[in-house]
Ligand SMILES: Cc1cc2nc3c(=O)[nH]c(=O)nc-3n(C[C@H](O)[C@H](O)[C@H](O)COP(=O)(O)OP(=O)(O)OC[C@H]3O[C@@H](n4cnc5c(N)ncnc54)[C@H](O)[C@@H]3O)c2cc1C
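Let's start with one chain on its own, the form predicted alone, as structure tokens.
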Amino acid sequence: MRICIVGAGPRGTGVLQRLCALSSGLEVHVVDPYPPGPGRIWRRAQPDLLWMNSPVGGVDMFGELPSLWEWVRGASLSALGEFAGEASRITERRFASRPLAGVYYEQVFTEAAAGARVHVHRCRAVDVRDHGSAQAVWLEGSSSPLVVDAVILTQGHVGARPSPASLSLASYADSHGLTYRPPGHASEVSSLQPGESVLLRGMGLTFIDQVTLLTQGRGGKFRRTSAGSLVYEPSGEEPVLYAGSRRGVPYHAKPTSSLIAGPPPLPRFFSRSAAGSDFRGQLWPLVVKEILGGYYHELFLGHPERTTMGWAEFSARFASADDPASLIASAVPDPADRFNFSAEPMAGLEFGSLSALAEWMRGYLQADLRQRSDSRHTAVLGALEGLSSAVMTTLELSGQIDPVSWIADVEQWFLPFASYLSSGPPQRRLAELIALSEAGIVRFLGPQLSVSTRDGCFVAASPAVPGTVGATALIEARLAEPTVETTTDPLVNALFHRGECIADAGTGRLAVRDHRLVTKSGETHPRRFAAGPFVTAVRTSEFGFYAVNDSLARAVLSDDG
């Protein structure tokens, strides 16, 4: 069987691994302008200042192939090359640089490809058309197509055309000698001058990368004082970074502490037997109870001295309570020990000045670091266990519930909330952010950030702080949200304009059913498959990275002959 995989990052590599594990004698063409295995995101050719956002011990996506931690421990010096020094310092809980991860993904690709005849094409695929019962894949710059039996799209994070608002800002920047960077992956912006005022809009993971490149990437250093605090020593080359976003705060840091009471029994309240097509109205209360149940399981069993009743009594009463607030108040006397469910920690707050906001923000970040590292706060880990269970149940239920509003709620509201709670940066990055604030390099702007143009500069404002801040540069420190209609991917564009793929009505992403592309007629194409972040996640991530790859590979192979 001949197969073409478009996209050679971890997703494409994982699919290749499953194909080769399940069938012999395959001929596979892998198409990607970036190196096979790491792809664009994890390639070696990027600064080692950029880190993975998962600890080494948590990167285990390829089933029979070694995890990142297993590989680091067993890799030879020749395989590690220039990254041998970093690898020698790695522990299971540390965060590897992306270039080191890229070396690992290269090795995974090599091992995955050993079971087939694999041809790598370092270019882009620009179209695919039916060719009798086969598929003709056209490559950029090629005069003849690859003819295969099936095509699998695993391009990862595809680009998006600029929005009208972005085009307007870019035009203003061009006409006034300003710097504007549209949404996208973080990069060094060489045109920025030392001391120049720069607005960063967005405070997620891209923001963390961008700050790193504009500070340490310009020669600044962090050091520990004798008291153990982290301080930043500027190089003098840094711009001044003004940061704000809709929420106004970064994602919560990755936890490093461990559960004392062990994993809570999950799922307990929100399981696959849950019914209802109204996510926010019918299912969200069950999600809340699952998260709270995980939190209080750890608090009552791991820290019983901070409660007024035993776990058995609380658990039974909690399970039957429609509104457990009064029960929690009586059983957990210190309000600081109760779970704060707010996804908007700055809602309603007002500050008299940017310096007052900075003081509050540093306290907020310090508290977050304590909660994610101190053994006295392990109940937060219980909440994350409950959240993880709820996310998995939500994804499993997606195959049973069809309304567009349900899918949109999950993808555009619940999953981003889950990422805010659990998918943040390493703790070190938030500690660095505190030090950068103390050094005056990073200055916070607050929530509900608005950006306009006036008097030849960009102007930022937040309802939390009086006045405005002007700047000569604006960096959209966030990824674009590409849809099928706005993507810059030439292959998807070609299919979409012919009606051979469609956008999911709830999310705008590539619609699939049973991993196959859905066409304008509502049918699925029997020889075209897709998976990854550009595909509607609710439809393709039911059981996690490895299981989706396995399921997709089986679907492809079931059509052989």
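These numbers were taken from a predicted model, which means no experiment stands behind them. Position 1 is the first residue in the sequence shown; the rest follow in order.
If you look for the form predicted together with the named molecule, you will not find it shown, but the lines that follow are about it.
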*Check Arg161, Ala494 and Glu500: does every one of them have a heavy atom within 4.5 Å of the named molecule in the predicted bound form?*
no
_Proximity of Asn53 to the named molecule in the predicted bound form, heavy atoms at 4.5 Å_ = yes
*Is Leu510 close enough to touch the named molecule in the predicted bound form, meaning at least one heavy atom pair within 4.5 Å?*
no
*Decide whether Trp42 counts as a contact residue for the named molecule in the predicted bound form under a heavy atom distance cut-off of 4.5 Å.*
yes
_I'd like to know if Arg429 sits close to the named molecule in the predicted bound form, meaning any non-hydrogen atom pair within 4.5 angstroms._
no
*Want to guess which of 32-40, 500-508, 515-523, 66-74 is within 4.5 Å of the named molecule in the predicted bound form, heavy atoms only?*
32-40
*Taking the named molecule as it sits in the predicted bound form, which residues of 1-31 have a non-hydrogen atom within 4.5 Å of it? Please list them.*
Val6, Gly7, Ala8, Gly9, Pro10, Arg11, Gly12, Val31
